[in-house]
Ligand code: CP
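Shown next as structure tokens: one chain only, the form predicted on its own.
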């Protein structure tokens, strides 16, 4: 593994999951990263991603440097050939090269603008760091994907499943803000790599990128989709077709207790933060079916196994 910027960087998912669960059961790599430094750059807010990745690095014995790039550093220019006579003071060429001297791994978080779909799909920030850095780069969520969260989700499903081939449902839920498709994109991609029966359910106008969903079943009837589900991943995203727009705030899509009763006593997942009684109601979040805290804990071990792989690369 040279970088971890998308799920395509994983050669053997089941092997990686097993390795992460072994680290969860017993940390056998406490000095693996001794003398190494992880640098984390955040262009957008973070709680779980930031803290779990920092903890993962420290569990490997690494030093960690964290910077809020949108507030603490110089405004970066990403366009090659740009005439830098505006507010951009530093080019990514120099920034990535310098950071590569200070850090053994660079981790970056940069959200989409949700205005120009083509521009967002270029994933300029992450791809520029990959292009100009001379050390491995980790995606802490980009314009189009969140592969660390997806690995976490795969670990959680593998750990908690009660049948060999569980039914996993990704359901859209309402939200007052326009959110990116990054988490659902990566969740779909990682579940497609696993032996699960995956179903996506969302209102008309909210179908994800067909290049991501491929042959996955998509239903616009939530209750039909939830029938006999073993896992339900609840998540909002803005429209992909009418890019970045909120087309529907229908609270009938909120995941409530009566919908849980349709399922096969499903485990309920969410990446957090979650807006209570908008996305998922209290009765579900506070029930034994909710595994959102368990899921958040697995963030550490997903990050730890990725960092260890990158440190041990050829």
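Numbering follows the first chain given and starts at 1. Bear in mind the structure is a predicted one, so any value in this text is a computation, not a measurement.
The discussion below concerns the form predicted in complex with the named molecule, not included here.
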Seminar exercise, completed: Assert contact_stretch over 165 to 173, 119 to 127, 197 to 205, 145 to 153 against the named molecule in the predicted bound form, heavy atom within 4.5 Å, equals 145 to 153
Exercise. Wondering, does residue 46 line up within 4.5 Å of the named molecule in the predicted bound form on heavy atoms?
Worked result: yes
For this session: Please run the contact check for residue 41 against the named molecule in the predicted bound form: heavy atoms, 4.5 angstroms, yes or no?
Result: no
Exercise. Even though the named molecule is not shown here, does residue 260 get within 4.5 Å of it in the predicted bound form, heavy atoms only?
Worked result: no
For this session: Decide whether residue 271 counts as a contact residue for the named molecule in the predicted bound form under a heavy atom distance cut-off of 4.5 Å.
Result: yes
For this session: Look at the candidate spot formed by 36, 63 and 309 and say whether the named molecule comes within 4.5 Å of a heavy atom in all three of them in the predicted bound form.
Result: no
For this session: Output the sequence-ordered list of residues from 280 to 308 with at least one heavy atom within 4.5 Å of the named molecule in the predicted bound form.
Result: 299
